[in-house]
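Encoded as structure tokens, the following chain is the form predicted alone, with no partner shown.
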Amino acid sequence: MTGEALVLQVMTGLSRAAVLFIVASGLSLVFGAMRIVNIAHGSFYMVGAFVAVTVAGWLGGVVGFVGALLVVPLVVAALGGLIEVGALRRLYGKEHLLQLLATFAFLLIVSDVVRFIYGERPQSLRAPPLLSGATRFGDVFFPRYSLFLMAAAVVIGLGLWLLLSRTGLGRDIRAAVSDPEMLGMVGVNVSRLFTVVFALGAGLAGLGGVLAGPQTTILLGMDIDIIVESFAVVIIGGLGSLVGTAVGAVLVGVTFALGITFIPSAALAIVFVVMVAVLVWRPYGLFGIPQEA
């Protein structure tokens, strides 16, 4: 493989890592604050992609894509909030198996609803003309849309960091990670906080679905693919860690891209080999905090 081809594959992996970071950051945020392993998180990603097709079709052109970026995360966040209030809130403090079964049930329900509304025919979402084509880096031509994904991931990552470190909501979320009971005793409505956190996580997954749309085929089953990769990201990086999620996304994205190049039939298996190696070395992930701490 030439050096140019290797650089291209690494950059392709980074563009995939950008989407994984956006989706997995929502998964990690929900777990960090609420201690819920949300199997249905991939469903929000899939719903975001399908609703983006509808919004873009209604509005058309550049306005349609920009409208999808603005509207879809809010729609998916509202869906996440309804699920949290209507079902998951009743399972707090109970066995984790019940939470897993509940979120898995929602994964199946959402999949059937999407099938009923959109059918089983694959959908597509076009990027705006400004983001189409390629940009030249030396001897390598790289898609402009992939560069846009990387920039979007950086902006969203900085936004989440500012939210968690510089706002009252972020302070409450950090406190909920440490001691939600004490947080309630000082006057914070913990139930409402959890709804906001779950809706924010769902909105991030929906936004990831919109952003991934122009680079992938939008179809049933994409929820399973993304949740598998997202769990690999947060397990490698450490559940509840934003920095760990970013590092895990880069490792998973680049490893998978290089695996496709050198060992196509085992690319995903290589990702999980990396995950197992990290777990053997640090069972709580690269940036995770041990439960005892």
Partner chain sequence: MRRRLTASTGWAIAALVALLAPLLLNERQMFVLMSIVILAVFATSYNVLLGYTGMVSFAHAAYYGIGAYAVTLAWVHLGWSPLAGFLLAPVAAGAIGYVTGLVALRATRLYFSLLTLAIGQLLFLVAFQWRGLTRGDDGIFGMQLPLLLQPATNRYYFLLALAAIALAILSVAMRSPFGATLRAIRENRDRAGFLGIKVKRYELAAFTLGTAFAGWAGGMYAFFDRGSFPLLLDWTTSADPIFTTLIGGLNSFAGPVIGAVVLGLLRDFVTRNFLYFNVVLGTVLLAIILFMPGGIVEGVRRLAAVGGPGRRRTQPEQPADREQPAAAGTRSKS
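In this text the structure is predicted, and so the values were computed from the model without any measurement. Numbering follows the first chain given and starts at 1.
Just so it is clear, the following notes concern the form predicted in complex with the partner chain, a form of the same protein that is not shown.
The shortest heavy atom separation between Phe137 and the partner chain in the model of the complex exceeds 4.5 Å. Interface residue remark: Thr195 is not counted as part of the site for the partner chain in the model of the complex, having no heavy atom within 4.5 Å. Within 4.5 Å of some heavy atom of the partner chain in the model of the complex lies at least one heavy atom of Arg90.
The shortest heavy atom separation between Ile235 and the partner chain in the model of the complex is within 4.5 Å. Only one listed stretch (66-74, 221-229, 47-55, 247-255) carries heavy atoms within 4.5 Å of the partner chain in the model of the complex, and that stretch is 221-229. Site residues Val37, Ala105 and Ser111 are all in contact with the partner chain in the model of the complex, judged by any heavy atom within 4.5 Å. Residue-level contacts in the model of the complex: of Leu169, Leu100, Leu162, Ala78, one residue has a heavy atom within 4.5 Å of the partner chain, and it is Leu100.
Applying a 4.5 Å heavy atom cutoff to the partner chain in the model of the complex picks out Ser265, Leu268, Ala269, Phe272, Val273, Met275, Val276 from 260-277, in order along the sequence.
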